[in-house]
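Only one chain is given next, in structure tokens, and it is the form predicted on its own.
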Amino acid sequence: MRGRRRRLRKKSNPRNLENVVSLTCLCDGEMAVIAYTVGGFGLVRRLAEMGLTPGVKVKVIRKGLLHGPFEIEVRGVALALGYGVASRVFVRPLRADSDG
């Protein structure tokens, strides 16, 4: 019995990926807007339940040393994310003069 050969699909990404970086790339006190999250259904759902959805502003309060936890502020609430989870949240950094 022969196995089926799967066709390799070219992955097209319709998202605008201009200036998108991981949350781990931001510095303390920097603000950004969430572009998208990457992960399995459970992780994406858990992040959405915490308020981390596309279009929401986040502020990095504190970065832990040596890949420690990230403390962020989302919708007026402080959250702590592990480094691995924070690396799966992609954001568009805001300029310092556009805070408001």
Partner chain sequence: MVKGQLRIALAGNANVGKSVIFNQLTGLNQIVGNWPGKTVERAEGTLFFEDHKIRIIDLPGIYSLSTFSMEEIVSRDYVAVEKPDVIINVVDASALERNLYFTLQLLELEAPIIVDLNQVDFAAKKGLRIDVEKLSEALGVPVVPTVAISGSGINEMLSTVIAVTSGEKKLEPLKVRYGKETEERVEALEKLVYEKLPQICSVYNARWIAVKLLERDLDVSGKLKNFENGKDVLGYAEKLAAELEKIHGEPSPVVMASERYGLANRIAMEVTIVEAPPRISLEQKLDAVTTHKILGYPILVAIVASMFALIFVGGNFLSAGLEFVFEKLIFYVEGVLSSFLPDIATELVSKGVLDGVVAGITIALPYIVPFYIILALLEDSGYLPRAAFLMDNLMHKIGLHGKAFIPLMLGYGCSVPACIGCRIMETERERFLAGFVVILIPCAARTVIILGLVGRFVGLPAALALYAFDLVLVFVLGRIAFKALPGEPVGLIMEMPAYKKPSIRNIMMKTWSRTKDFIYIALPIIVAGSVTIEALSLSGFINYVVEAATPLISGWLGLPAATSIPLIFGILRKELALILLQNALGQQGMVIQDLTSIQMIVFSLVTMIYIPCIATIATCVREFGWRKALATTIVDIALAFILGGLAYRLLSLVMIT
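Numbering follows the first chain given and starts at 1. What you are looking at is a predicted structure, and each value in this text was computed from that prediction instead of being measured.
Not pictured, yet referred to below: the form predicted together with the partner chain.
Within this chain, A80 lines the site of the partner chain in the predicted complex, having a heavy atom no more than 4.5 Å away.
Under a 4.5 angstroms non-hydrogen atom cutoff, the partner chain in the predicted complex lacks G29 among its neighbouring residues.
At least one heavy atom of V44 is located within 4.5 Å of the partner chain in the predicted complex. Contact annotation: M50 falls within 4.5 Å of the partner chain in the predicted complex, judged by heavy atom distances.
In the predicted complex, the residues of 50-74 lying within 4.5 Å of the partner chain by at least one heavy atom are, in order, M50, G51, T53, P54, R62, K63, G64, L65, L66, H67, G68, P69, F70, E71.
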